[in-house]
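Just one chain is shown here, as structure tokens, and it is the form predicted on its own.
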């Protein structure tokens, strides 16, 4: 029986192992961020049914303010006559955040020039549905917005 003197780890085996693990690490470093971007983490829907959106004293007539309602934005608008209204601030077209325009007295989506009137109804642009309207209650100086 002939005995071989070949070591278990040769230079070629070491280089193959080194290049293989380097290639594997490069592939993981490249595709893991892409995978995490394509599959975002699940965000639990907020169970809040009402929030304090603003103070009456900080809203001047014919102005709007974005507030956070759970995990989504909301918009509160004080009309020129002093009436306070609240809507979801997410455009029904592509979920962009809307804003109140004092000059036109409309809620406007900057993404595709969508417009909503003061009742939340879509009046121009591509939005297919009206904005979700919230219930507004005023207690003292606080404006409390609730769903439903």
Partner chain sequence: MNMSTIADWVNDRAGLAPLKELAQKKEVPLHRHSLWYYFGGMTLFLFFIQVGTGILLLLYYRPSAENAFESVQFIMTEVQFGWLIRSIHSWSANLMIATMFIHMFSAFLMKAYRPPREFTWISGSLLLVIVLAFGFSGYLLPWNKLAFFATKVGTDIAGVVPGIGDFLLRFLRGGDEVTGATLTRFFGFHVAVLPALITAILFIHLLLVQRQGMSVPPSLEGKALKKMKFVPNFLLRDLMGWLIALGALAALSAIFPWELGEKADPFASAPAGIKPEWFFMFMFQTLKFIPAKIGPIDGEVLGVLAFGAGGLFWFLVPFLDRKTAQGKPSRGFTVIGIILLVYIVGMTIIGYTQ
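These figures come from a predicted structure and were not determined experimentally. Positions refer to the first chain, counted from 1.
Omitted from view is the form predicted together with the partner chain, to which the following refers.
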- line: Interface check vs the partner chain in the predicted bound form: of 97, 106, 63, 50, the one with a heavy atom inside 4.5 Å is 97
Stretch in contact in the predicted bound form with the partner chain, which is absent here, among 35-43, 22-30, 78-86, 55-63 (heavy atoms within 4.5 Å): 35-43
task: Report yes if any heavy atom of residue 118 sits within 4.5 Å of a heavy atom of the partner chain in the predicted bound form; otherwise report no.
output: no
message: Within 4.5 Å, heavy atoms only: does residue 140 come near the partner chain in the predicted bound form?
response: no
message: Using a 4.5 angstroms cut-off on non-hydrogen atoms, would residue 111 count as touching the partner chain in the predicted bound form?
response: yes
field: Contact test in the predicted bound form: residue 12 vs the partner chain, heavy atoms, 4.5 Å
entry: no
